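Take a look at this single chain in structure tokens; it is the form predicted on its own.
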């Protein structure tokens, strides 16, 4: 499965979600499909997408938060899974695209290439719903189910180690930050 195909498959479901992506290929590919003001591309903070998503989910329980992470980023901050498992925000879906490499910084292999099971680690950390998927239809179904479940979910999606030609987005970091902040401020109080 290609990550870009997975993102295209669920893109319509992201319209009313607060979306946080990790840096690199995930951010570049999502932006290439079509940027929205509810998308925040967390640049230069590898490993912290789930932490930012957790903070938003806890402070704004009326909003559905989706975090797009990568295996390398998650492995940099495995403690983030234990924090997710501790607080268990019902409005957070954590998607980990596992390509078994640090694709955005040279393609070096990660621990998942030798058997580390991120879905198993998430479950052991206390995440109540975890799922590992390998095919596009499985991913699409798992994502839709996670949005409907009203329970913290981590989905680990195995994807090929291919990405865009460039890993930089066209949207300036500060512009994205202020646009995203304005979006969060504009969301009605009933969804707070």
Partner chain sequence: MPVSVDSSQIIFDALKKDCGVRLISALPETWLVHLIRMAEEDADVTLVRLAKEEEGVGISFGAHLAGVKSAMLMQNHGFLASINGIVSGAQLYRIPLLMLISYRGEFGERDPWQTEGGAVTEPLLEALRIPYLFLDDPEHVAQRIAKAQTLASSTNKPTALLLCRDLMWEEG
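Since we're looking at a predicted model, the values are computed, not measured. Numbering follows the first chain given and starts at 1.
The same protein also has a form predicted in complex with the partner chain, omitted here; what follows describes it.
Non-hydrogen atom within 4.5 angstroms of the partner chain in the predicted complex for each of 95, 113 and 125: No, none of 95, 113 and 125 comes within 4.5 Å of the partner chain in the predicted complex.
Stretch in contact in the predicted complex with the partner chain, which is absent here, among 154 to 162, 125 to 133, 34 to 42, 139 to 147 (heavy atoms within 4.5 Å): This holds for exactly one stretch, 34 to 42.
Interface membership of residue 66, the partner chain in the predicted complex, 4.5 Å heavy atom rule: No.
Heavy atom of residue 55 within 4.5 Å of the partner chain in the predicted complex: Because a heavy atom of residue 55 falls inside 4.5 Å of the partner chain in the predicted complex, the answer is yes.
Partner proximity in the predicted complex: residue 72 to the partner chain, non-hydrogen atom cutoff 4.5 Å: Because no heavy atom of residue 72 falls inside 4.5 Å of the partner chain in the predicted complex, the answer is no.
Contact of residue 46 with the partner chain in the predicted complex (heavy atom, 4.5 Å): It does: once the partner chain is placed as it appears in the predicted complex, residue 46 has a heavy atom within 4.5 Å of it.
Residues of 55 to 91 having any heavy atom within 4.5 Å of the partner chain in the predicted complex, listed in sequence order: The stretch touches the partner through 55, 56, 58, 59, 60, 77, 79, 80, 82, 83, 86, 87.
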